[in-house]
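So this first bit is one chain, no partners, the form predicted on its own, shown in structure tokens.
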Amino acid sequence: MIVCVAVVGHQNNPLYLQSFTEADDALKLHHIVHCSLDVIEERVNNPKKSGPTLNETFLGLLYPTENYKVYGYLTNTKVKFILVTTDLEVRDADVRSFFRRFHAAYVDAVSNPFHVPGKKINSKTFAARVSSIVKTFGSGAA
């Protein structure tokens, strides 16, 4: 189950963070997302040490914690997408599909002429689309 998704700008500024849990653990999820930025920076700056090549946008599993697994995706414009899940057995194909759909939703949101680049995404349409993508995660829908 996905507990959090985040969009982080190229200057590591949070553009969007949505929690999908009933509990009030937003601060903990913010911390997990913030810690994952260090792992992304390390992978981008030291490509020889990690698996993905330079032109690969899917960064894979960034790090596991006791309760969560954190996955990352880096766009060509250095915008980072972060996925936090409680599922211990997640297929890479499902995560790649999620990030492709999430990226498409992000592109549609920032293509809005009223969106100011680099500012938080406040679109209700984007939030609804993200919720829809999260609900279908792992069900094989593409």
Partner chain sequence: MASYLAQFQTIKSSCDRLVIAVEDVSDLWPGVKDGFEERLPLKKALLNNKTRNSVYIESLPAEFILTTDSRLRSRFPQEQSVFWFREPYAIVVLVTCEDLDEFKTILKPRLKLIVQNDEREWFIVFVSKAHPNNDPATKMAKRIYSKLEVDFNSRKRERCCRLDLHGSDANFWEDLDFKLIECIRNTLDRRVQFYEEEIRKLTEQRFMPVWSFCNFFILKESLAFMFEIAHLHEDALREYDELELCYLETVNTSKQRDFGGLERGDDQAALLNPGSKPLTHAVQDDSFREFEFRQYLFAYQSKLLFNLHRPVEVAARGYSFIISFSKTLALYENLLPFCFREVWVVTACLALINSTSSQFGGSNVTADVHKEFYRLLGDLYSLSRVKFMRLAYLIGYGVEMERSPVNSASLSMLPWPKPAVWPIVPPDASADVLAKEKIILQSNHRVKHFNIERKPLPLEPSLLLREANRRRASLSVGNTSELFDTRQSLTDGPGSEGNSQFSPTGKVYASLMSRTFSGPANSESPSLSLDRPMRLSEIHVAAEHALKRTISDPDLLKSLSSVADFERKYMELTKGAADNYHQSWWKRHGVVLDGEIGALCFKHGNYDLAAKSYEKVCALYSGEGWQALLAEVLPNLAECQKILNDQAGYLSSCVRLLSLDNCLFSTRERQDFQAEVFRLAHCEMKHPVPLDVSSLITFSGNPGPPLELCDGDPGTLSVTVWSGFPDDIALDSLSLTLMATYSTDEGIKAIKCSDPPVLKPGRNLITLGLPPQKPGSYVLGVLTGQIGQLRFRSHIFSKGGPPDSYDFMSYEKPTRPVLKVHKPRPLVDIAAAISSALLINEIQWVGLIVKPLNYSLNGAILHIDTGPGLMIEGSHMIEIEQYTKETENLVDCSNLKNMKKDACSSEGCEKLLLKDGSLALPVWASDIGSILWLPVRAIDNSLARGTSTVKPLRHSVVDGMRMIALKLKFGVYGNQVFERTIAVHFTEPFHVSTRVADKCNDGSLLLQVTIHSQVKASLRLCDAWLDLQPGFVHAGKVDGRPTSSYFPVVVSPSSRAAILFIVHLGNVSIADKNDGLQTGSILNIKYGIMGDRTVGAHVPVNVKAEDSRELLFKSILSLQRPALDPCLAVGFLPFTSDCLKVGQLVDVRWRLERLKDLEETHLSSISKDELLYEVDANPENWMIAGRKRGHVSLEATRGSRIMITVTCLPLVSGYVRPPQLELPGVGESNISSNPAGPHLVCVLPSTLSSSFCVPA
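Note that the rigid core is defined as the largest set of C-alphas that superpose within 1.5 Å between two forms. All values reported here derive from a predicted model rather than from experimental measurement. Positions refer to the first chain, counted from 1.
The protein also exists as the form predicted in complex with its partner chain; that form is not presented, and the subsequent description refers to it.
Task: Triplet N76, V95 and A105 all within 4.5 Å of its partner chain in the predicted complex via a heavy atom - done: Negative, none of the three is within 4.5 Å.
TODO: Give a yes or no for S19: in the predicted complex, does one of its heavy atoms lie within 4.5 Å of a heavy atom belonging to its partner chain?
DONE: No.
Open item on the list: Just checking whether R91 would be counted as a contact of its partner chain in the predicted complex - the rule being heavy atoms within 4.5 angstroms.
Closed with: So R91 does not count as contacting its partner chain.
Open item on the list: Against its partner chain in the predicted complex, would S131 count as a contact residue? Criterion: heavy atoms within 4.5 Å.
Closed with: S131 lies outside the contact set for its partner chain.
Open item on the list: in the predicted complex, is there a heavy atom of its partner chain that lies within 4.5 Å of any heavy atom of N67, even though the partner is absent here?
Closed with: Result yes; N67 sits at the interface with its partner chain in the predicted complex.
Task: Partner contacts for 116-133, taking its partner chain in the predicted complex and a 4.5 Å heavy atom cut-off - done: Heavy-atom contacts to its partner chain in the predicted complex: G118, K119, K120.
Task: Core superposition between the shown form and the other one, C-alpha change of E89 at least 2 Å - done: No, the C-alpha moves less than 2 Å.
Open item on the list: Using a rigid core superposition, assess whether P64 undergoes a CA shift of 2 Å or more between the shown form and the other one.
Closed with: Yes, its C-alpha moves 2 Å or more.
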